[in-house]
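Single chain ahead, by itself, as structure tokens, in the form predicted alone.
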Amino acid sequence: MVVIVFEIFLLTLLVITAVGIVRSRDLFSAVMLLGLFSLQIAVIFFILDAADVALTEAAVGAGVSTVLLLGALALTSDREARPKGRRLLALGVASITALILIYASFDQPRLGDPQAPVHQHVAPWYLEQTPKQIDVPNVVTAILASFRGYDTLGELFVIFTAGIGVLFLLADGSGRGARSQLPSAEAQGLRHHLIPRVVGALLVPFIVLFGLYVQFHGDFGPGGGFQAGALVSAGVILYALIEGEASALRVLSFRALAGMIAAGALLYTGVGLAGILRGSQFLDYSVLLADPIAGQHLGIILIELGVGLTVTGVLLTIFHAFAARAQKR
């Protein structure tokens, strides 16, 4: 009963935050509210036992996305232009959409109902076969990294392609030399603010360490390459905000980030090709070692590492691209 009351409170707070985002004309306030909105959604995901999704939402939605939006805000005005006409039409479309969604929700099964259709399709087979074929405690990781390895490979290349597309859009054509003109770390960052500097210095190592834990512990608990990449990126971005972008680039240069992006995709693909070379199928990890289960474990660790490398490289490269555009303004 307490959990239900807390969920209702969070959903109510979520609606209030959403209304505040829509009504706010100050874009900085809207971005901060969006970060708060993502944190609330992450808490709801945790309550619903979707810890993997909650980690991603907290790191990407409340962390990385907020920083990127602030970077975009530095390139434009901080006030939203007032809309011209057709407000009633927009209100009507939004109201009709909301009513359709509410009506559709009446047909949903009860939360946690074991007889729900989703639990009667392939879920029982996954739960039965995972201990036998893969033997990892986290069934979600087993499904995403092994049973549905093709889907995860496709998602990885979607991120890879999206990163390239964003870089093409944000490229300023200034080349390597423009980076030598960046201000010093002290001038760029927040070192002159005592509280962010002290708190950030304490948080950055733990954020990166937790990201590595999520990376290599994803087969035993919530986590994996996507979540770990987002967490490590959030830690490095926080370091860049405190010490300045130049200091962050000395830790992970553009060349290193480009190498991470390519190495992650190549590692995932290479693990798949290794299965073919050993006489089996693409992305069949069981043939990587003499023991099929040990081979599955090795394959999952390697492809998750590839995902983590690419996600980290793409997110940090996009952040630096935004930062470069903001400095040129």
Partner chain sequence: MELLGLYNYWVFPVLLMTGLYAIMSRANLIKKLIGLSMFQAAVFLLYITMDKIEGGTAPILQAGNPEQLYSNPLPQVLILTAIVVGIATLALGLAIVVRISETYGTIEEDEIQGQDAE
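This one's a predicted model, so the numbers in the text were calculated from it and none came from an experiment. Numbering follows the first chain given and starts at 1.
Below, we refer to the form predicted together with its partner chain, which is not included among the displayed structures.
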- Listed residue (287, 293, 50, 301) with a non-hydrogen atom within 4.5 angstroms of its partner chain in the predicted bound form: 50
- Query: Just to confirm, residue 126 within 4.5 Å of its partner chain in the predicted bound form by heavy atoms?
  - Reply: yes
- Message: residue 305 versus its partner chain, in the predicted bound form: is there a non-hydrogen atom within 4.5 Å?
- Response: no
- Query: Should residue 159 be counted as a contact of its partner chain in the predicted bound form, where contact means heavy atoms within 4.5 Å?
  - Reply: yes
- According to a 4.5 angstroms non-hydrogen atom cut-off, is residue 73 in contact with its partner chain in the predicted bound form? yes
- Query: If you look in the predicted bound form, which residues in 59-74 sit within 4.5 Å of its partner chain (heavy atoms)?
  - Reply: 60, 64, 65, 68, 69, 72, 73
